[in-house]
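The data below hold one chain only, encoded as structure tokens and taken in the form predicted alone.
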Amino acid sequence: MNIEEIKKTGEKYLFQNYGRQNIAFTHGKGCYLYDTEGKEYLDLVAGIAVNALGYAHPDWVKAVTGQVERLVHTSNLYHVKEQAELAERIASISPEGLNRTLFVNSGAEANEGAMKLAVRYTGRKKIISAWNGFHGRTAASLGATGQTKYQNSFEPLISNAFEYYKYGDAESVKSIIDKDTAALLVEPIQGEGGVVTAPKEFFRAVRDICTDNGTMMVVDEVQTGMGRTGKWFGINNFDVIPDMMTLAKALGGGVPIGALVSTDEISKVMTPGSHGTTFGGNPLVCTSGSAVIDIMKRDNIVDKVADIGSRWIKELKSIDSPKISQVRGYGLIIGIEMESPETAVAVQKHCFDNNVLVNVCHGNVVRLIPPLIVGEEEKDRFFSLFTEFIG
């Protein structure tokens, strides 16, 4: 089907809950996607920070297709070798003590699991999270998402268990945390909130505040995890060890997988029957996750992300223009805050018209979240287009 046929069929049979760009892709290779007309596009969105190894990475393809030929799904009624293997790999890259993993199907499910675990472990009923944060769209994770634009019309599903603090403000955390707070959720970088960062002192203070109150510190690494920031996990940039981490997106390299990672002690309260998932951690997605970690380790991808990302951010910060309000980020999650939403959309269109895909989030922020294998050629191509637009 061509793009018009795809649109017509979709308009007839799909829910119309997405605002889509006028394009559809047939295949990809490396950092590039190819549309139904055969045009090539440089992809700096990576499926919203999902396709860490880009498209059709030969070693990843070999691992996944081999698993498809052997076994895709059995359920968690039985032991799953591939699940155990991926959990071991996650433990090998996680902060000290975080060596137990529960597999689910998405980031939202991972955050739901983290909140259930925190409530069960502490016996408490309150959850606190940051204004402008994003933790998912299922009922509890939507409650933890401190953005009214996502909550509007779904209020009956949102529990009064949630309260919100100001991101980056430890005093704001202190003002609402108490001995009935089961968990504090925090992102190392607020991705959907506009690639907003906070100082190291904030995360260290939050760790201490949580410890003092017996509250579980839950770090949402759904977008920042798996090397995106130039460290295996975003929280590694701040020298803090949380009680739990939630993962998804890049972990599967393109297949749907989520994970909740915690300690031996905390995980013990999730006894048989207390939580579960039919598809979570099946052989296919776990093989994919293991391949992602193995390739990233072998090719030293995390260090390469730190190098190219720091230089990219430095180059963008060197541009002196009233159209740019601020450049933020770590590694390959970069936010360019423009003077207005209209300017951000115009940047996106200029790039699209020149066969480069970028994303606009939180109204006026051009977000760069490319495959982690992106190189100098791709970096320079965007920089040239962007400076051309800025004038």
Ligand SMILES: Cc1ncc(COP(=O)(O)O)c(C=O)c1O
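Please read these numbers as outputs of a predicted model, since none were measured by experiment. Numbers for residues come from their place in the sequence shown, where the first is 1.
One more form of this protein, predicted together with this ligand, exists but is not displayed; see below.
Asker: Though this ligand is not shown, can you say which of Glu82, Glu112, Glu192, Asp243 has a heavy atom within 4.5 Å of it in the predicted bound form?
Answerer: Comparing distances to this ligand in the predicted bound form, the residue within 4.5 Å is Glu192.
Asker: Of the residues Gly309, Gly136, Gly146, Pro283, which one places a heavy atom within 4.5 Å of this ligand in the predicted bound form?
Answerer: The residue from Gly309, Gly136, Gly146, Pro283 that makes the contact is Gly136.
Asker: Could you confirm whether Gly289 comes within 4.5 Å of this ligand in the predicted bound form, counting heavy atoms only?
Answerer: Contact check for Gly289: no, nothing within 4.5 Å of this ligand in the predicted bound form.
Asker: So, in the predicted bound form, is Val222 in contact with this ligand at a 4.5 angstroms heavy atom limit?
Answerer: Although this ligand is absent here, Val222 would touch it in the predicted bound form, with heavy atoms inside 4.5 Å.
Asker: Can you tell me whether Lys249 touches this ligand? I mean in the predicted bound form, with a 4.5 angstroms heavy atom cut-off.
Answerer: It does: once this ligand is placed as it appears in the predicted bound form, Lys249 has a heavy atom within 4.5 Å of it.
Asker: Give a yes/no on whether Val173 approaches this ligand to within 4.5 Å in the predicted bound form, heavy atoms considered.
Answerer: It does not: once this ligand is placed as it appears in the predicted bound form, Val173 has no heavy atom within 4.5 Å of it.
Asker: Choose one stretch from 300-308, 67-75, 184-192, 267-275: the one whose residues place a heavy atom within 4.5 angstroms of this ligand in the predicted bound form.
Answerer: Looking at the partner contacts, the answer comes out as 184-192.
Asker: Taking this ligand as it sits in the predicted bound form, which residues of 104-134 have a non-hydrogen atom within 4.5 Å of it? Please list them.
Answerer: Ser106, Gly107, Ala108, Asn111, Phe134, in sequence order.
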